[in-house]
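Next up: just one chain, as structure tokens, the form predicted alone.
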Amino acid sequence: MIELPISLLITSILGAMFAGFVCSTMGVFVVRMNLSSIGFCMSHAAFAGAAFGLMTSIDPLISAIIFSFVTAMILGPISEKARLESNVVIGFLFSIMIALAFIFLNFIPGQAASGTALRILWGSIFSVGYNDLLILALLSFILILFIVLFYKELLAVMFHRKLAESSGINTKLFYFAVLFFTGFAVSLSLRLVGGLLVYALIINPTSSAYQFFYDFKKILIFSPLIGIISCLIGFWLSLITDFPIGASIVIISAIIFAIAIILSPKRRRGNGMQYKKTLKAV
């Protein structure tokens, strides 16, 4: 088991909690608005940005945010003006970003196989600093404020975008806001979870919460809780096994999702309804 100084331990635990909160909170919107493929694309954009930062000696966090924002701009306003289907743009950007990421990693002088480069792939317990923690805390606060202030509008957009637009809601604004918040969440969680795995922290906790609840408020509460629990248990698993922390977090979140599917009342209710329909048919 790795023994950490108490200050580093507290910083890492708080970082894991904030990363779990922001990623799984954005996961609620990503999953509900059928933007899962977009979240996947943006996680790899942040990964490519961090790799670019390592290659050029720029702060990987800054370059990851820039790449995420550029991707969000292409996926959002630019793709709508160009009148391209989102799947076409996503497929193009994903292939480009993953290719660029490995090209950038290959050109990192003397670090292609070192811990510095591998941290953005798999994440690291030691990578979360005090400044990262403050930024994650600030993003968490802004995200909560955004949801509280625009809860009704967000609910309308997620329920039916066209209907919300006909009611006078600027749906594009909220759609772009979700993209940019997702980009921020991915970029800030990259050091802890890793570029290849951060996407799972967005999807798995929310998918677990959806197995139990229909009420959006409950999903909005329990998805971040599941995300935080996944990060804390994954952090502990990484400490005692020396596994990469990103892989540990994803394994725990996947186990929770598998358990949620098994115990899901929605699944049992669906099976019961199907059984009744079968009896009627007979």
Partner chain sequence: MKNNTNVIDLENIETIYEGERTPVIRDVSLKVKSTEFIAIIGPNGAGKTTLLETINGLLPYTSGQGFVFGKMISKHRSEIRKNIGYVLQNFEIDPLAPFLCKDIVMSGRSGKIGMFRFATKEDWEEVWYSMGLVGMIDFAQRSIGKLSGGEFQKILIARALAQEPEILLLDEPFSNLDFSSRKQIEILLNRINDKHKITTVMVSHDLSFVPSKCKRVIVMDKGKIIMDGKKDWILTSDTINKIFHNGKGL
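Residue numbers count along the first chain shown, from 1. Source: prediction; values computed, not measured.
Below, we refer to the form predicted together with the partner chain, which is not included among the displayed structures.
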{"item": "Exercise: residue 196 in contact with the partner chain in the predicted bound form, heavy atom 4.5 Å", "value": "no"}
{"item": "Proximity of residue 164 to the partner chain in the predicted bound form, heavy atoms at 4.5 Å", "value": "yes"}
{"item": "Touches the partner chain in the predicted bound form: residue 141 (any heavy atom, 4.5 Å)", "value": "no"}
{"item": "Residue 236, heavy atom within 4.5 angstroms of the partner chain in the predicted bound form", "value": "no"}
{"item": "Residue among 181, 122, 174, 104 with a heavy atom within 4.5 Å of the partner chain in the predicted bound form", "value": "174"}
{"item": "Of 133, 108, 158, 93, the one that lies within 4.5 Å of the partner chain in the predicted bound form (heavy atoms)", "value": "158"}
{"item": "Residue stretch of 143-151, 188-196, 68-76, 95-103 approaching the partner chain in the predicted bound form, non-hydrogen atom distance within 4.5 Å", "value": "143-151"}
{"item": "Contact set, 207-227 vs the partner chain in the predicted bound form - heavy atom within 4.5 angstroms", "value": "210, 213, 214, 215, 216, 219"}
